[in-house]
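Below you'll find only one chain, the form predicted alone, shown as structure tokens.
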């Protein structure tokens, strides 16, 4: 973990759920973190609850606005970039597809163009999603070279972001010409990321927590849908390994990567809801939402064997461990919100120790 001390890291979307966890983790390792994002997308939100902004430079900006983004690169000259800024919700993409495409497609192009123009970045990790694949609802995991697609505007916009990343890598950051440009760019696809501090609409864990707190059953649209659930720290650690290796070893690993859970942690939505209710100490359960809803995938799995073999990455917390950590976080929010920063850092430290202990 000593690699990160004093590294200048730019994170787009640092006010979001994943961005807040990553910002806090890198701060704890001594990195010089610069964030570029809109205001936190929900109230409440992890960014403000754990005071993420206290240990970093936080810039209010929109990745759709190239000049503002360009100026942030000029002013702070980051060495490593994690591009997380996105419109991240499937149902929101049905309501406003243009905003989704503008943010997820042109936002990604703007980040890559800023990297090309400023010439200070050595390693960039572009975060997309497991939903970027053309989902055939089959029962084995998608590999990085499987066909991209995406049924809904969100998923498709992330497939477009993958294509843009690949195009910039081939055209401007080609590994064969690394001596000329000095930039390694990778894209990463994680499973259904869960953890404390997520308050987004139309996501299972936040919906369940709201139901537990209000003592109301949660409406669930697709309880039989199976997803690759993983605690937020799992893929973040994979992104960090990848960025470090590209920074220190060059472009050999500059490609697309999957980070997913063990196969037996791929559970149905209903299973997660039942387990969460049990862990909340008999929290109010759930009921099936019988209304008509836009299409969502029923079955999705990731093959992460490449990350295991080449990055020596693997999940550290099993799904039930992750759910226990999540319940601990939200119950602390309910009873002792002033302790949330301490708890969040403690969970990061515990995860880190388990990594180091094998």
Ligand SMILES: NC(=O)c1ccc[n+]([C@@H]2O[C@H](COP(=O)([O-])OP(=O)(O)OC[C@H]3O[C@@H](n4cnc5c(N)ncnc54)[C@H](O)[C@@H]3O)[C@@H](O)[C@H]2O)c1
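Positions refer to the first chain, counted from 1. This structure is a prediction, so every number in the text was calculated from the model and none was measured.
Separately, the form predicted in complex with this ligand exists; it is not shown, and the next lines address it.
- Proximity of residue 310 to this ligand in the predicted bound form falls outside the 4.5 Å heavy atom cutoff.
- Taking the partner from elsewhere, residue 85 is found to have a heavy atom lying within 4.5 Å of this ligand in the predicted bound form.
- Heavy atoms of residue 103 reach within 4.5 Å of this ligand in the predicted bound form, making it an interface residue.
- When contacts are judged by a 4.5 Å heavy atom cut-off, residue 203 counts as touching this ligand in the predicted bound form.
- Only one segment in the set 248-256, 125-133, 178-186, 71-79 has residues whose heavy atoms sit within 4.5 Å of this ligand in the predicted bound form; it is 125-133.
- By the 4.5 Å heavy atom rule, the three marked residues 196, 227 and 273 all fail to count as contacting this ligand in the predicted bound form.
- Shown without its partner, the chain has 61, 62, 63, 64 in segment 50-70 as residues with a non-hydrogen atom within 4.5 angstroms of this ligand in the predicted bound form.
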